[in-house]
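One chain comes next, on its own, written as structure tokens: the form predicted alone.
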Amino acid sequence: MGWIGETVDSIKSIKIRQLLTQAITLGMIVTSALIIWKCLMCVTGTESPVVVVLSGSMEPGFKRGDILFLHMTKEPIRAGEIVVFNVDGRDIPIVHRAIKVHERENTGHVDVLTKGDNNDVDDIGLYADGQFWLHRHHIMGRAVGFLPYVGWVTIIMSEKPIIKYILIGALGLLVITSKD
């Protein structure tokens, strides 16, 4: 009969109680993941405690596919730190190094200019029109650690959505057909 036939028979034999149990288990797994993410947000002080490097602009320090761990404190950003920031009008955060910091004496506000280590020019061209500095609300966090190459899974699934759908379908099928 083969693997497909056995899977179809397994799905047909599922009882309502078993299906509800599996749905609740799946819901608990998803809820647990969300709770862990929210706890990480609280501990790190950033809305995104983990980001994936999407380009080669920070090579040789960080390569495409590296995962960065972020932390944000109230201390001002200093030149030389790796920061992750959002630019108005763009959805994807950018990972670059702070190269210049301008601290206003009267308010204590810090303006930051960034540049990718592998880029020839600073990031003013990436900022919104008329913007020459990043402000505190643009910066998501400082890089405090990284895992090399682990983020390639995310990159592949976003560049080739069919792989993401196949993986989600396979995991869903696994959950539905498991007997435990």
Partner chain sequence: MHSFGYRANALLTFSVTALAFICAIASFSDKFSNQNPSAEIQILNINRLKKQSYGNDEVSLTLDISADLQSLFTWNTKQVFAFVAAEYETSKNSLNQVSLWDVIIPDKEHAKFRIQTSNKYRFIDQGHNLRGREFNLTLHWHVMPKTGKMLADKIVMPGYSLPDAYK
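Positions refer to the first chain, counted from 1. Keep in mind that this is a model prediction, so the values were computed, not measured.
The same protein also has a form predicted together with its partner chain, omitted here; what follows describes it.
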Touches its partner chain in the model of the complex: residue 115 (any heavy atom, 4.5 Å): yes
Is there a heavy atom of residue 74 no more than 4.5 Å from a heavy atom of its partner chain in the model of the complex? no
Within a 4.5 Å heavy atom cut-off, is residue 133 in contact with its partner chain in the model of the complex? yes
Does residue 80 reach its partner chain in the model of the complex if we count a contact as any heavy atom within 4.5 Å? yes
Of 143, 139, 126, 51, the one that lies within 4.5 Å of its partner chain in the model of the complex (heavy atoms): 143
Contact residue in the model of the complex, from 26, 147, 41, 153 (heavy atom within 4.5 Å of its partner chain): 147
What residues of 98-112, in sequence order, lie within 4.5 Å of its partner chain in the model of the complex by heavy atom? 99, 100, 101, 102, 103, 104, 105, 111
